[in-house]
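Below you'll find only one chain, the form predicted alone, shown as structure tokens.
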Amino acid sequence: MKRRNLILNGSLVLFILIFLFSADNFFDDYPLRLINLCAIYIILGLSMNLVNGFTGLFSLGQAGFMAVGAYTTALLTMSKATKEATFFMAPLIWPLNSIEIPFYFALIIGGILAAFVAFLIGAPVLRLKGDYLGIATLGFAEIIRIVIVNTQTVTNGALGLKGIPNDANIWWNFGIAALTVAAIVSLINSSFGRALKAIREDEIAAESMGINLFKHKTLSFILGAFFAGIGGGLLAILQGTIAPDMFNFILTFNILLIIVLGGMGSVSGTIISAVAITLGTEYLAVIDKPIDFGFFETPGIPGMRMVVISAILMAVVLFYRHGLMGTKELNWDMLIQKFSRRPLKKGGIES
């Protein structure tokens, strides 16, 4: 069985590599951008699932941490000439006006800075629980966005940043996504991860077993913010331009949608849901326009795709209360058993 799983895992990795090579060399810009978005949303979904799914907290501050990572990465990678052209209302402060470093160092710095902000926020808010924690983290995310709007000499205010170098290709995005998956899986399978799951199931029982609730919650919150900062930096590099309005509650809601649909507490569910929602929201745009079936034509209704996505989400919540995967992980035994199940004979006996 181990040999079978090894062969299947190797085949899957080979298929993904071939697909990425084909996409990088033969796909147009639009589908290539969607594939890169899938990798970025996998990172963002896992960052939020670590906090909300595996630790059981209700945090809504993901957009704020993404903004910190995105602006840090952008400011550290933009050229001096681009900064001078962008900051025409008020000059960029020193030393940011003269710093230009490779994007992979900028991503790490952006993630660390987002984690530091999470550390500062976590001290007061992680003593709250449930809806109160969600409201507090949402409030801090909005504070971060307002600070970005009003710091003209650092973030260029409401005008945003343009001309961000697009240095991260499909290999970088999926490589960082793979490292994120490996890091999250290793973390949740460690003793620290088991402590987080214990906190999720019952805080009182976990504390009675000697688990330091505040310490573990804070570390989970900080690690989630670190990966959110990395994802925000990659999003800034992919789009080439960022503005404060990008990092509002809707962005947090989209990431929350990914983990709720995939399963709060499932890495594989988050990956499947991130790909499905990213591609679905784009390709379902066709139903917003008139469609001619030959014998009748449907009128285009703007926003209809969001109605369809909402209906799908409602169906998932009704029939899969804990999401598609719940807290389970997809594995080869599950797939083989699912597709090799034989129909029952009359009387309930397997054929």
Partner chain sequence: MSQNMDMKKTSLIKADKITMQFGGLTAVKDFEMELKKGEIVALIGPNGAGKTTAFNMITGVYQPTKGKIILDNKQISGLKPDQITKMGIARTFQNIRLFKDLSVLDNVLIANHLHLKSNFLEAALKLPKYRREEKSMIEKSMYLLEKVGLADLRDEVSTSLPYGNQRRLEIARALATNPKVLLLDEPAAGMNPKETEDLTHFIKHIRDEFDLTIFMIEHHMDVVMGISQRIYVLDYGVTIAHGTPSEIQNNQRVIEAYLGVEEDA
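On a predicted model such as this, the values are computed, not experimentally measured, just so you know. Residue numbers count along the first chain shown, from 1.
Separately, the form predicted together with the partner chain exists; it is not shown, and the next lines address it.
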query	finding
4.5 Å heavy atom contact, I101 to the partner chain in the predicted complex	no
Interface membership of R200, the partner chain in the predicted complex, 4.5 Å heavy atom rule	yes
Partner proximity in the predicted complex: L113 to the partner chain, non-hydrogen atom cutoff 4.5 Å	no
Proximity of L187 to the partner chain in the predicted complex, heavy atoms at 4.5 Å	yes
Interface residue in the predicted complex among L251, L219, I170, V125, criterion: non-hydrogen atom within 4.5 angstroms of the partner chain	L219
Residue among L161, V149, I176, A206 with a heavy atom within 4.5 Å of the partner chain in the predicted complex	A206
Partner-proximal stretch of 252-260, 239-247, 192-200, 129-137 relative to the partner chain in the predicted complex, 4.5 angstroms, heavy atom	192-200
In the predicted complex: members of 241-266 within 4.5 Å of the partner chain, any heavy atom	none
